[in-house]
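Listed next as structure tokens: two forms of one protein chain, kept apart as structure 1 and structure 2.
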Structure 1
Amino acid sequence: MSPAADHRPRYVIGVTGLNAIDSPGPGVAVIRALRESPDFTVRIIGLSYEALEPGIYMHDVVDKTYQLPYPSAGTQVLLERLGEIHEREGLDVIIPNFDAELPNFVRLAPRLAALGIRTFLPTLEQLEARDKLNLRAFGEAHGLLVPQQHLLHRADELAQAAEQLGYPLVVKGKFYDATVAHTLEQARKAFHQISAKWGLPVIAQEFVQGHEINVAALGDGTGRTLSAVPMRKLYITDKGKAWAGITLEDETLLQLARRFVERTGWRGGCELELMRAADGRLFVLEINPRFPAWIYLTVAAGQNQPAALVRLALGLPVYPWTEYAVGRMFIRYAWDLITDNHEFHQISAFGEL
């Protein structure tokens, strides 16, 4: 694995989001990208939350995995755990990939840096600005088209929202989940389900008909976009995830991503979820503050965003890409990995494998 002739530096990189399942986290794709960097070699430390995240058991992808405390346990216990892992592994960089854990990592970034663990993350203000609850206002301020939305604190506010938005409308949770409702009854049901799961407020959003396009982008924190690769979803699973996609050539998509990165001074990876309406208008549905699960397609198209992010984190120079391959496709597939239950015991009980 470590040929003597390889003079490239070797970085120890912690990666979360190893849940390569039907609604996948980006971790495994990020690792695959890192392993293909021409600049460096890696030892990958998987950071997991659940014992059945597939990445834990993919030993050619992840060298060693440690379980982390849930994001809801807060920064203090996370810092303690990362400190333990760091003592044993000597982490150079951590790339967190879950929305829910990002605030913790952002808050801890200075303290991690003091330990010698580098990150390259958006600021709390940047996270806040693109938060679903604020996206509409953000769009208005920066000339991005965002579907109309109402924040609902009570189910009886639905009727009024529906009157303005019309049917169908989208009922969304503040963290995850979205349901398209065609009647008030459906909307009410969705409201109750989503508020029970994700709390209040619930978002009622205008439904925009069209086709879905995503852009994976990387900002250097000064407003400059280092990479932006647009992808059209060719097939969508019942969880709304791309199963297959293809890179597009469309300057308006790149402009949109660059505007977002410039206006926020975005720091790190992000994914713009867009809807191209029948009349050609581009709506911003959501902006995810991290790499998407399909990030490996950016590598295949010639822009290895995760590897560039590692260089940014380490303070090495990174230059903007200008080209990418159009028409590159990904087709996601499922694979039954075989393991023995002692591995499951090991990660479950001792929190490492």
Structure 2
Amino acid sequence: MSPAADHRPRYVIGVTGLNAIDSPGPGVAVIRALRESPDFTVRIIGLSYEALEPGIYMHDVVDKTYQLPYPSAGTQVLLERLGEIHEREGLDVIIPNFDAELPNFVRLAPRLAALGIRTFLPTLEQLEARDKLNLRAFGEAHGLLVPQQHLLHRADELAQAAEQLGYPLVVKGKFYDATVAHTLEQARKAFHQISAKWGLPVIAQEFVQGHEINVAALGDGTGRTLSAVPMRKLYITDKGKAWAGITLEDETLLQLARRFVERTGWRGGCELELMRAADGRLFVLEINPRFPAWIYLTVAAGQNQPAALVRLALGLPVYPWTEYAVGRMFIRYAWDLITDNHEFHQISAFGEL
């Protein structure tokens, strides 16, 4: 179909998470999914925080990029910047993809809607309920197995936590990063590195041996699960990220995802990070409040979750998927993206490219 004959609606969509590195953000995968939707065409506005996010320079993926202020700058500065971008681009929808930025976007959602910018995000209460710091209590309240954990505000609290959790244990940041520590010295090193990057508290979590499984899900905000696709990690990087994975046929995983969405009334995309122990028990390690970096696999499996989220944001009907392709694999790869120095200077100096 030629562009002139394409009568589908065209939406201008802002997307964050363009850091397609060894610990990738979801942005590029979300954009690929949006571009493959049969329901609409898109102009993609990249929203970046760092000048070296590769997605900025992927001009066949992102049409235009603007830098945003860091989440720590607060909502008012973010609103002013988004207002400037909206005046120039006429944004229809924004899809934020970083945990740390979500509270600001959730707080601004009504004011963005008043400008004509739609979002489809969890509420602040939903964010807090599944937060890593509250996950153990959440699991107990809803019948989900969650590894034991301790919240650490000082490095000298590690020894007592290790006595209860044993070794190895997992040292985790409140937003990102996790390190498996086999000794107290390794745990202390991880504590200092993670606290310096993400702040306090740091989480010490029981290590569960088994197979890592993730489920990408989409909730409509009323307790209904519109999509759920489970994936088993086939290759894991030293940062714990899936570098290859395969879709699974497993009703137990789907039921767990549906239970989470139903109990929380989840609104938007999410990812359940699970560990299947040797005895078959499923432990919930984390619940991420946005699409995962591997979300394009859901498109390949027949459930385009990012495109469905756009329809939800615009108030258009979305019907639950009942099937997906089992055995679909993804294998992530890296390549050298060549750009010109003036492009880097442009985004660094002027905040847009």
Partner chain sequence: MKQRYERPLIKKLSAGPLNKFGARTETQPVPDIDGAPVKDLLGEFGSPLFVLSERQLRRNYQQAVRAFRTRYPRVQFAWSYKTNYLNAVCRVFHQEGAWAEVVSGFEYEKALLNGVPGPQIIFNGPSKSRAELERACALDSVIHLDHFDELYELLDVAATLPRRPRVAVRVNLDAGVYPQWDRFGFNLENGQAWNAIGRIVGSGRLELVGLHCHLGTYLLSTKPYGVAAQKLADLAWSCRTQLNTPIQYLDLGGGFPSTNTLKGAYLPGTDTAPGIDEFAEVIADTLQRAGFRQDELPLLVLEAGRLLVDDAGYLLGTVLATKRLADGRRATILDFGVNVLFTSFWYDHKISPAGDFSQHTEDTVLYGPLCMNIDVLRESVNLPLLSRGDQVVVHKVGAYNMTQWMQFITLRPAVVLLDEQGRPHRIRQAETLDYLQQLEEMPTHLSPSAPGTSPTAGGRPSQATTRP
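For the two forms, the rigid core is made up of the largest set of C-alpha atoms that agree within 1.5 Å on superposition. Residue numbering: sequential along structure 1, first residue numbered 1. These figures come from a predicted structure and were not determined experimentally.
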{"query": "Of structures 1 and 2, the one that is the form predicted on its own", "finding": "2"}
{"query": "Of D131, R107, G173, D39, the position at the hinge that separates the two rigid parts moving between structures 1 and 2", "finding": "D131"}
{"query": "Degrees turned by the smaller rigid body between structures 1 and 2, as judged from C-alpha superposition", "finding": "9"}
{"query": "Between structures 1 and 2, C-alpha offset at D156 (rigid core aligned, Å)", "finding": "3.8"}
